[in-house]
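Just one chain follows, in the form predicted alone, and it is written as structure tokens.
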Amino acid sequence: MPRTLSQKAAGALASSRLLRRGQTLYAENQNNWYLPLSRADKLKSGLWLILHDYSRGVFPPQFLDQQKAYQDEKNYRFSIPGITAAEVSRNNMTKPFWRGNSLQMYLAHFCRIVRCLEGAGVQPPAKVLELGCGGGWASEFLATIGYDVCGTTISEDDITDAHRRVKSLEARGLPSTLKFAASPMESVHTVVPPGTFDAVFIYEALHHAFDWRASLHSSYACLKPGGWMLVCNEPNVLHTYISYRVARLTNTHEIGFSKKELIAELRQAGFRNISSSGPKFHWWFSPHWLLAQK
């Protein structure tokens, strides 16, 4: 297929001396996930990659093969450059207790999720479903508080890690109100009992779904009448561009949404009483926090 004028211009710019540094950095990053990159370095390598891929007709990303997308997500822990699967497992088990600003951020977000649940009248021992739970740290914390929690993720390897959290609760003599199940978000209502949950939440994971719209509809089916859906810290539109380098390095989804399209799809799924607790002026950058009722 012939390239458009804009694709030719993008290819020429990607090949120019102006972005040679970005090309070099991305090549190095492909072999080393922990390559020290300043913000300027990330901008240069990301810009080079976007222009390079746009010139070839593969940016913006399109996801057409569902089974391949599912397998790529399952292979995530085996795809990170320079990191072993064992290291990924350890990271799963130590999250959110990571160094730097990560600990403060994750704990602040968890407290915000709890406030959202409580504000919606969802109190322990209510039944809560998490989509895209990864290694299950947020589900474990909610179970520790007293919620009856089921965490789901597409990766069986993540489920193996998450089950260690169940054993951790049992070792502390706490009630066993935590379980995990492997499921894509789009069909979670076929894996867990539909119509039985007081709340469903998804934290920093909807943008990894093959079909985020179907995921919201599946979530709706899991809720009791009057139950609540929490969309937590999901990325805004610019995330598609900002995190494209990470998406290509790990061969996974990293897309952003507009608040308008998220709210429209929540309504299409049947949700009502939709509210946003994010900033009014988000400039396509600030993440989304949405609450909706069945």
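Counting begins at 1, following the sequence as shown. On a predicted model such as this, the values are computed, not experimentally measured, just so you know.
As for the form predicted in complex with a small molecule, it is not shown, yet the points below apply to it.
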(request) Report the residue, out of Ala143, Cys150, Leu223, Met185, that has at least one non-hydrogen atom within 4.5 angstroms of the small molecule in the predicted complex. (result) Met185
(message) Between Leu178, Leu216, Leu117, Cys133, only one gets a heavy atom within 4.5 angstroms of the small molecule in the predicted complex; which residue is that?
(response) Cys133
(request) Go through 196-204, 170-178, 120-128, 80-88 and give me the stretch that gets within 4.5 Å of the small molecule in the predicted complex, heavy atoms only. (result) 196-204
(message) Test of understanding: in the predicted complex, would His189 fall inside 4.5 Å of the small molecule by heavy atoms?
(response) no
(request) Considering only heavy atoms, tell me if Lys95 and the small molecule come within 4.5 Å of each other in the predicted complex. (result) yes
(request) Find out whether any non-hydrogen atom of Phe63 is located within 4.5 angstroms of the small molecule in the predicted complex, and reply yes or no. (result) no
(message) Using a 4.5 angstroms cut-off on non-hydrogen atoms, would Ala162 count as touching the small molecule in the predicted complex?
(response) no
